[in-house]
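Read the single chain below, which is given as structure tokens and is the form predicted alone.
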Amino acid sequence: MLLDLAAPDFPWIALSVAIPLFAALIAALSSALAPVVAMIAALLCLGAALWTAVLVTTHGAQEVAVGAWPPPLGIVLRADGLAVAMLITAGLVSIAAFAFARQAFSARTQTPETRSAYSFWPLGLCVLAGVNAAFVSNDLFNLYVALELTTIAAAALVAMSGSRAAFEAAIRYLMFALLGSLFYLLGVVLTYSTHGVLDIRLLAISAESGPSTIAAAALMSAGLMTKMALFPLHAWLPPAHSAAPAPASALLSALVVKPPFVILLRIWFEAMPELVTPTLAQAFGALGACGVLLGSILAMRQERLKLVVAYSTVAQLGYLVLVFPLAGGGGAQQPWAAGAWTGAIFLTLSHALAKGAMFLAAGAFVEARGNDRLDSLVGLAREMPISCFAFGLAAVSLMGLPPSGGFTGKYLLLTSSFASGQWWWGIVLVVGGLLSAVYLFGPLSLMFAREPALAVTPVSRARQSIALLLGLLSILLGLFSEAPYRLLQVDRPGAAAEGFT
């Protein structure tokens, strides 16, 4: 009976989008119920994602034709191994962020009700719905809608505190995001005018190399790189992530920047792999390497913890696009491409969990000390050992140390770089890891200093443990990597298995 209820004809994929959207409406109507509704919605999304993972590993990729109309007239929601892995990660991070925010943004604990207590919950649920829609959509225009929903909600989260710095950061974010949306939408329009379809799998059949196709792919990539904050289009990210409240920062850094990268993979690895040339692949890698180096150097120069973590995001996102040069473009079968593609996804998942843990731990530090200046961290390990340990576990994953998920991802990329003869990308990986150790060791050394901590406001161990759980998950992702590895291989694109040819 259970197998009958879990048959592929039940729209489990659609629930990951419909549940948070419906919950956002309820949260907007009743701020008193909003925290409970948000937690239930996030738990249901995680449950739907986990069950979809079971279906995907058992029966292969799952599809739902919205309105029962097949493409090109209709829109298909599709869950392969990559999509399911991202859905599970989004569910875990959103549960942690909502649980941490429950005390800070509850209408019952804030009288009179504040802007944050009302707005955080529907906005956070809209972010969850938008990123989930982006992970499972198979239509380029539907992906645009998902990106816009995510962007608008995320920008509002940045401005939620009402401070001048927050408004300025939100405006900067919106300006970059709107520019990225314009480029992406122009690329979508050009694609449709050239090929008459927007479904990714149909494009893989009909798309041929030509000036209009190349221009469309370039425009969409520029828009996605802007929304992803890839160097040199990263200027909006540090102010936005540092100005937002800690639960919102966790959603922004862990989730909001991930859909553009996943869509970038979909376009180049699935829809238009024949357009990738060695020059283009190396150009992507060069941008990623610059992001790794510049983001790390800027992180070392910061005096606020949230800015250190935010610039670290710029650096970590640079690693992801190394998948393009490591997947080749030389015109022959390249078996190391599978390791590079899987390694980039492992880094994506690990980064989401680690950054969620870091920003929630930083939020606990801010509540305890009233600010996030590095000199306020001195001796905090004695007063807040759980949060400091959570930050340390997340740092282990970001540095790429074993046995974390970050180590698994970097190891796969590193072996692919030497197997392909592109040793210079291996150097970028190693140097980037060393630089991350430098800028993360600074805050950690202050936390565990022997000097007594200044006066702190108590933060409950339960709330501190939320960040610890995410940090542990980033480590467990590496310790138990076999199951995620197998999941990611389900219906992976041909270019991810044999490289661009």
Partner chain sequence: MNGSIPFALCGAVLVGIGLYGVMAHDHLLRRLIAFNVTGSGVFLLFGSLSALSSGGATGAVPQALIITGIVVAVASTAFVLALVVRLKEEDVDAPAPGAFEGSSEHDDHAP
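Residue numbers count along the first chain shown, from 1. Predicted, not measured: the structure shown is a model, and the values here were computed from it.
Beyond what is shown, the protein has a form predicted in complex with the partner chain; the following relates to that form.
- Although the partner is absent here, Trp268 sits far enough away that none of its heavy atoms falls within 4.5 Å of the partner chain in the model of the complex.
- Not displayed here, the partner chain is approached by Gly162 to within 4.5 Å at the level of heavy atoms in the model of the complex.
- At a distance threshold of 4.5 angstroms between non-hydrogen atoms, Ser209 is out of contact with the partner chain in the model of the complex.
- When the partner chain is considered in the model of the complex, Trp424 lies well away from it, no heavy atom lying within 4.5 Å.
- Just one listed stretch, out of 368-376, 304-312, 319-327, 150-158, contacts the partner chain in the model of the complex at the 4.5 Å heavy atom level, and that stretch is 150-158.
- When contacts are defined as a non-hydrogen atom within 4.5 Å, all of Ile171, Leu174 and Phe183 contact the partner chain in the model of the complex.
- Proximity to the partner chain in the model of the complex, defined as a heavy atom within 4.5 Å, singles out one entry of Met225, Ala352, Met86, Leu198, which is Leu198.
- In the model of the complex, the partner chain lies within 4.5 angstroms of a heavy atom of only one residue of 221-242, namely Pro232.
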